[in-house]
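Only one chain comes next, encoded as structure tokens, the form predicted on its own.
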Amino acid sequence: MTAATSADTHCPYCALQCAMRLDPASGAAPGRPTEVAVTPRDFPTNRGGLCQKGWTSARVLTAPDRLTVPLVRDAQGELAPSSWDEALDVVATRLREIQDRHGREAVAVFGGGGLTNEKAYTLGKFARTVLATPNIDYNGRFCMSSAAAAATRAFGVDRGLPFPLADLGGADAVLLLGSNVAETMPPAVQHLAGARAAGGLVVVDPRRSATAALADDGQGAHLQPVPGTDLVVLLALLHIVWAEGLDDAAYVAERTSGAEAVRRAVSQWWPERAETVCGVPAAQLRRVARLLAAASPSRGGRGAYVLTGRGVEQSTQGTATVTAAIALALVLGLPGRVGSGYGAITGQGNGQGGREHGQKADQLPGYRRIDDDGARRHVAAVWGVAPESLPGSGRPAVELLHALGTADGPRALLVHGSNLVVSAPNATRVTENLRSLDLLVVSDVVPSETALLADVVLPVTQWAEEEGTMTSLEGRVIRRRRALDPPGEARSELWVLAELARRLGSPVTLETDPAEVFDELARASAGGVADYAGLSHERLDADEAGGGPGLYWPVPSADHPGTPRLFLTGFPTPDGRARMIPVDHVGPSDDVRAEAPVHLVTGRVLQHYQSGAQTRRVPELAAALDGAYVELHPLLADRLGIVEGAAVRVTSRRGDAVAPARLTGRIRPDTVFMPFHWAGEGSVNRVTSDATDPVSGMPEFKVCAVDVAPAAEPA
């Protein structure tokens, strides 16, 4: 194996994309895999900081069970080592047989928010040209779809943060709903210091999370609503702003439309009524509304931000909740002003770029709609195919997973960068559907729970072994660089997809050099909402070499400086105004009742990431937290006869999970919390709801009704 080299790159985990440097590790034992050492780099997002996951990220590169050769399930039902030729021939032959027998739509593709822009783009191109199937979606549907839907219809564009993250530092107030950044992306907390110092950090969360504790220590406010009622909190804040004359009337008149309909809709949500639904005291709601208004530019404040995260978005009313958050920001006159605005905290490393360039069921590269004739003509010309040959919109993620193996659903699934057995809602049903397929092919770096179900497993490269680009939560396009060779026979997905295309007889060219793929992506995105036309690997490298912090899309030409802040001169809507849309609270799809009287909420912990397929293989992180747990209030535990450390069974209509009890006063007495990083009996996604938001297709991960009881056997 070639020795490691030094490289400036970015962390493989969340969308903060902390900058780091990789250098050859000293003192590696002979015969061990080549290792690299991680040191943080100064960068506007992380400012030289890393979290535990970032510091230990290189350990995943040398995981003992790293996939290094293709595996094909043999006649005895076991996954056995294979050559690449054999494995790819098996995949191509069976894909062709399935499509000949059942039609093009019988093959589906499921991608991931951790893929580079180049791989995400190629995966979408492969699905729509080589396979000619509409059925492609990705796990970003579980992450950003509600925020994306709401932002697109309000602003005409979806970029998680339409401003640099560092802008938050100058604000007097930040309202943060449903995001525990202190544990999910710790280096971001430093950007909240200004609001904390001004006493203006407000966190909305049913738990007193690490982030809520930052606001609840005299530096702001922690609102602790009944799970599933965040929308009511926002409707009440809107009511108060208008009722007390705290709105920026001139901004609303000049830069928005639809305000009067929203004003009428929120008139019924006076704070005392809202308190009876959401549980947040009316006096606290008034204090927060006044705090935000005082911080707004129209009242002489240094600025205010409204930010949303998965806690309020992963709901059947997630799009409505974000719509109300945007309306609050607009009524206060925040979006489009330097130092103020609305934004959504993107979770996955390339959750932003992954949805911009073709992994979503209804989108083409450049964030173009697949049902737009002009978009289809443009992208088809870049791809060298006829526009009419491109399939239409496919099924969004949850609907796609429900259809697997059914009479009119896909019979084959290709999975790239996703561990559905752990990460999908109602995971037991998803697992059964995966087992029912005629063909399951998984490309991964480790034998995840989903890979272990596959008929064919393809070993692929990971972050430090490949070149490419990522797009951070701010829309900043940054470079990922290779520091070492992949182990064994692991190959890039770019090569895998090109080889499959060749075996399937496709006339469409799939490039394998990441720089060339990016150049094609730039052409395909030209003129789109997410326009990368002026970018290239060469330009991004030159920018960083010159001390630049990366470039923010849209970048429509090679001489364009990028767009760090959107909306300064208007909104990309037909009339240039932001659209305000009335919404109302209807509650969770699976609300508490006699047989399920407790709310369940889920989330992440400091040491682990997403399905845990990577972080559970890092010894330091596994030692710090080696399994799931059930967090519950001592009052609830006493009523149920549960003691600290005892096994607890959490049961919903869909299934159950068992894990040890953790008693804490930082959660509501009517609520339990479980992290979602584990498989097996502690897998909380066996319990979560797969009901979806009617606009975005986002599943309702974050709240459902459960019964909680001592488990008969220890966890």
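Since the structure is predicted, the reported quantities are computational estimates derived from the model, not experimental observations. Residue numbers run from 1 along the displayed sequence.
Note that the form predicted in complex with a small molecule isn't included here; everything after this is about it.
A.B. asks: Does the small molecule come within 4.5 Å of any heavy atom of G228 in the predicted complex?
C.D. replies: Judged by the heavy-atom cut-off of 4.5 Å, G228 is in contact with the small molecule in the predicted complex.
A.B. asks: Wondering, does L22 line up within 4.5 Å of the small molecule in the predicted complex on heavy atoms?
C.D. replies: Because no heavy atom of L22 falls inside 4.5 Å of the small molecule in the predicted complex, the answer is no.
A.B. asks: Can you tell me if Q317 lies within 4.5 angstroms of the small molecule in the predicted complex, counting non-hydrogen atoms only?
C.D. replies: Looking in the predicted complex, residue contacts with the small molecule do not include Q317, since no heavy atom lies within 4.5 Å.
A.B. asks: Should E183 be classed as touching the small molecule in the predicted complex when contacts are defined as heavy atoms within 4.5 Å?
C.D. replies: Yes, E183 lies within 4.5 Å of the small molecule in the predicted complex.
A.B. asks: Want to guess which of 193-201, 539-547, 265-273, 455-463 is within 4.5 Å of the small molecule in the predicted complex, heavy atoms only?
C.D. replies: Contact-bearing stretch, as computed: 455-463.
A.B. asks: Heavy atom within 4.5 Å of the small molecule in the predicted complex: which of L115, L632, A154, L161 fits that? Just give me the one.
C.D. replies: None of the others qualify; the residue that does is L115.
A.B. asks: Within 4.5 Å, heavy atoms only, which of R411, R128, R368, R310 is in contact with the small molecule in the predicted complex?
C.D. replies: Exactly one listed residue reaches within 4.5 Å, namely R310.
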